[in-house]
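A single chain, nothing else alongside it, follows as structure tokens in the form predicted on its own.
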């Protein structure tokens, strides 16, 4: 069972309010992430117990459920109080490696921060979060993870009446930039200082040895955020709603709502149909991450002079460029990729954009390209002549490194997935699940577990999306 080790709960009542989950009607188990269960040393909990834990009818001993307080900038607009409106922290568990994990129910009913909403999550959005957080983890992208999902007969009203579900998600911490913003906006210096100290002591202890621990803390967060977003860009992931309350203090991908992976490469792609001005377009994600970090720096400036934080904030561009070049170099099979190579990469991206080229399929097949047979990759673009000219330069550059062609290819095959969770794939699993059939959900989960290899019998996962996939619309209710 759980090895309870409270950390966040010890911060005190200024940081959260106690709340009890509201069980769903006629709950049923949909899936449990067995590898994650084993990683967390929780294999002694039965499926029936997990069902009751996720549904809130079996309390975790020695822990009082809570919802945390935060604020945030939503689409750039300040909202002075948000908080866990449909998320409830039910445990803090220490595994055998002495790592503490927070367990949070999403969709378990109203909390003091629900703001007149029902605190529920529908089956549709729960499946999307469950599958995508698993996909991102399998791709090696920092993320919260989903441990279990249950469905029910509870009616939940969104654009239409749907059934409710609950996801049990897990992370070392669910603290966001908005946790700092709420105390800074209220001039609660004591709590702001307490929160910063908590983050440093539990997650970034080296900062205690720095000349200015607050600027060192910001630098760590800037670094981890830059790394996360660079990885997003490399696999074509669009978050869709990068509000400051959706930005993890640990650089984890958090709050899967209107996300989407690119099909055709379009740097201006907007995956959230509620984002009318394209604030959170694919190309804007690095800039928005930096803007959000600026809001965090603004909060920390109540603890230390702003000029001492500025260098840490300015480091974002340095860190992001470093990580982005590493990720894209790996995708190209160039181990010593440097700033001079950005022109070569830029030429390719322009070719892919003009050709409406499928992002995942192109890169995966570029990885499979043989040294003495490069012409087959031309079949994956419509502007063949442009790509053919680019290939000549690319192959010359690829030879100018210590890796031979085979080792270069191995590097690429570890960086270019065969499968990502495209919206139409998630939608197929959702439609079947709404009819009580979880077979597609299970197959997709398994395929996403090993994204860099193809699974026999599921060739559709690696094919071009159907023509009607472009009409799938996702919004903040997704």
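Not measured: the values here are computed from a predicted model. Residue numbers count along the first chain shown, from 1.
Only in words, not in the display: the form predicted in complex with a small molecule, which the text now covers.
**Q** Quick one: from 255, 92, 181, 263, grab the residue that has a heavy atom within 4.5 Å of the small molecule in the model of the complex.
**A** Exactly one listed residue reaches within 4.5 Å, namely 255.
**Q** State the residue from 341, 118, 386, 191 whose non-hydrogen atoms include one within 4.5 Å of the small molecule in the model of the complex.
**A** Spelling it out, the residue with a heavy atom inside the cut-off is 118.
**Q** Using a 4.5 Å heavy atom cut-off, indicate which stretch of 240 to 248, 276 to 284, 321 to 329, 306 to 314 touches the small molecule in the model of the complex.
**A** Selected stretch: 240 to 248.
**Q** Please run the contact check for residue 186 against the small molecule in the model of the complex: heavy atoms, 4.5 angstroms, yes or no?
**A** Although the small molecule is absent here, residue 186 would stay clear of it in the model of the complex, with no heavy atoms inside 4.5 Å.
**Q** Heavy atom to heavy atom, is residue 352 within 4.5 Å of the small molecule in the model of the complex?
**A** No, residue 352 is distant from the partner.
**Q** Can you tell me if residue 197 lies within 4.5 angstroms of the small molecule in the model of the complex, counting non-hydrogen atoms only?
**A** Output for residue 197 is no: heavy atoms all beyond 4.5 Å of the small molecule.
**Q** When the contact criterion is heavy atoms within 4.5 Å, does residue 85 count as touching the small molecule in the model of the complex?
**A** Looking in the model of the complex, residue contacts with the small molecule include residue 85, since a heavy atom lies within 4.5 Å.
**Q** If you check in the model of the complex, do 74, 114 and 158 all have a non-hydrogen atom within 4.5 Å of the small molecule?
**A** Every residue of the spot touches the small molecule in the model of the complex.
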